[in-house]
Structure formats: C-alpha cells, structure tokens
Ligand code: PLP
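Single chain ahead, written as structure tokens, the form predicted alone.
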Amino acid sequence: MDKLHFDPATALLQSAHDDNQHGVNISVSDSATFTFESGKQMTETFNGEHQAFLYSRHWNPTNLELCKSLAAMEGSEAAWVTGSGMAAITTSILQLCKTGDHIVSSMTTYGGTFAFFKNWLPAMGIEVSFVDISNHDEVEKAIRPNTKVVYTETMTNPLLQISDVPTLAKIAHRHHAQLVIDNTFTPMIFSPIQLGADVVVYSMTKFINGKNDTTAGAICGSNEFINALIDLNNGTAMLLGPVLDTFRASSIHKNLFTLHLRMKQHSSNAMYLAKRFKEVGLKVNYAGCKDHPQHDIMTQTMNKAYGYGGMISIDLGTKEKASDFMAFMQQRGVGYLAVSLGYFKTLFSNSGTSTSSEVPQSIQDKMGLSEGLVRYSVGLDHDIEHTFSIIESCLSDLNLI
C-alpha cells in the first residue's frame, strides 16, 4: 500500500495473522523465559546471530503480534510496546540522545513530557529548547549543531494545536535531526510515519486501548531503531526494562481492531458538541472548526475518513467556574471528572491544574493556557444530542450562558 493511498484501518486488518495454529485471537504467552535446543543456539541468540525468543523483557510471542499490528497501522517497519506512554517517550528519547545533545520541543505538550524534558534531561547533560511548534521560523532558529531530536505532538495537549508534520520533518532532516511525534490524541486520523516522521510514540492507555483499564505505550519506527532499542548491550528498552505485560498486550491487541470505528464516533460527537457550544456563545477550540488556526493544515495532512478527533476544549475564564461546571456535569451523568482520554464515557478536566500542572505558570501564560480551560475527551455517546442538552442545563444553571 503506497503512501498516497495508505489507510491505517485497512493496513491493520490485513496484518491479522493467518497462522492456523492460532485461534482467532492471538495466544497469551505466559512465560518470562524460553527454551533453546542447544547451548550453541543460546549463545548465538545472545550474540545476535540467531533469531529466537530468549526472555520476555526482550521479545515474546504475544507482544510481537501486537507490535506487528501497530507497525502495520502506522506503516512503519517495526514497533515495540511498553508499560506506559511515558515509558515509550523516555525510552525513545534516551535511545536517541546522550550527554551533550540538544532537543527542540513544542512548548505545548503533555505535562509529564514537559517535566521529563525540563527537569530530568538536564541532569544528564541534555538540553531542551521549547518553542511554538506552529512557528516554523522559531523551530528552525532553535536548532543547534548538536540538535538530535525535534519533538512534538500531532495534536498538542492541551491547546489542540496541529503540528505540520511534513514541514517539521523537512526542517529536522535538513539539520540531520530525527522527528519524534506523539500521536496519542489522533491515532488513525494521522499517520506521521507516512508524513515524514522518524519515530512515533503513543500512550496506548488512551484511544488505542479505549477502556482505561491499564497503562501502556508504543514506539513505532524503522527496523534499525527498534533493534537498537532492544539491543542486549546498550538498548534502552532492554536495559531499562519497561516492557508491557503479555496479558495486557493481548487485550489491547483485540481492542485495536475496533479503533477505526471508535475514532469515527469520537470525532462525530466532538464535531456536534463544538458546533452547539459555538451556538450558545462559548469560546470553543476544536480542530474540525474552520476558525481553528491549523484547520487547513489538518485537513490537508489527515486521513479524512476518521474525522477531526475526539478532543475539544472550552474556556470558561476562571478555574472556579471550570471546577463548578465539571462537578455539575459529573453529577448529572455527562461523564467523569477525570484525567486521561479515549474512554467510551466523556472525560473532562481543567488542564492547568491537572495534566499540565507540571508546566510552570509563567510557561502556561506564554502558551496561552487559560486557567478556565475545560478539556473534553468526548465519549462514544449514542445520543449526543441528549448529552448536549444536559451540558447546556449545567451551563445555564451556573449562569455561564
């Protein structure tokens, strides 16, 4: 399937195994270690001269099948899975960078990522410059001779900026740097590898799994990169040990094959809410709206069949108003006042005091993050019109409209 006609759902479905020894679902490998036919084969495997399962921290049959499906979905050569999204991010960055290196990162990014870049990497002698990722001149000017990575999220958290992946890839590659993309908010909607990214990371906790019953992460990239990650002697994935449990890998693998349906419904519901929020006079941020600053970029680079995503935000001005409003919505059954996203129920949170709380107030101000911002991960509601009617009553009762 060529890049011009790449469809992640079709590629994923075609990746499903056809090994008659399997059931319709992949088997769970309940083993931490694996046998060898001879001492010679064991030695050759540890020396990289023979391909075999040796220890579940490295590879196991269940995780391998999930990785094959993820790579198919992304159109990457390979993938590897971790116990959390942060494990995917930290493992990838530490494989690409060493003491003395430099990273250019979007200022608007998940709070845990920001804290890792701002507070943890400098202790290792790795510097990070934070930029407005939508200002390509600023990105280019921030790059240094020792820049190894340009890092961003396809749809940034929590301001929902859209990164121009093809342009950023050209900038990064012109300076011999790698473009690393977190695609957690927009699986299937964007295929960053097809747009020029080198490495794509996910928190599979979110949309990919869709159940919020476990934490998990994924790393997609070239065979060379994934093999480097799991090298027995200096691979960060092998030596830091963030491997995903096989039972969870099996569960996520099954959920993966409904992702295309779920993303369409998340997107449809979010678009409906965005339009209705505008009608009642709220300040709305949704990439599917034509007044979104990067609406055209998203339209040009997205896989259009899956919509503009399930993430939306409104600005109520103050954190007190946001807090009261979210409490009302939870009490009346709209969804849950909780962090995370991609769940079948709608989740909402006040980003500045939750998932972006690691970001200093001065940086939040520079980003343009309002203290009254309420971020929605819109659920799979069958009757989204009824859901909006409840939200509207909450807004009305609190005199917010």
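Each residue number is its position in the shown sequence, starting from 1. Everything numeric in this text was worked out from a predicted model, so none of it was measured.
Missing here is the form predicted together with the ligand; even so, the following discussion is about that form.
When the ligand is considered in the model of the complex, D198 lies well away from it, no heavy atom lying within 4.5 Å. When contacts are judged by a 4.5 Å heavy atom cut-off, S84 counts as touching the ligand in the model of the complex. Taking the partner from the other structure, the ligand in the model of the complex has no heavy atom within 4.5 Å of any heavy atom of D101. The shortest heavy atom separation between E153 and the ligand in the model of the complex is within 4.5 Å. Relative to the ligand in the model of the complex, residues F185, K206 and L341 are all within 4.5 Å by at least one heavy atom.
Site annotation in the model of the complex: the residue of F225, F130, Y110, F117 reaching within 4.5 Å of the ligand with a heavy atom is Y110.
In terms of contact with the ligand in the model of the complex, the residue from C220, I312, A322, I89 that brings a heavy atom within 4.5 Å is I89. Shown alone, this chain has one stretch from 198 to 206, 262 to 270, 244 to 252, 296 to 304 that lies within 4.5 Å of the ligand in the model of the complex by heavy atoms: 198 to 206.
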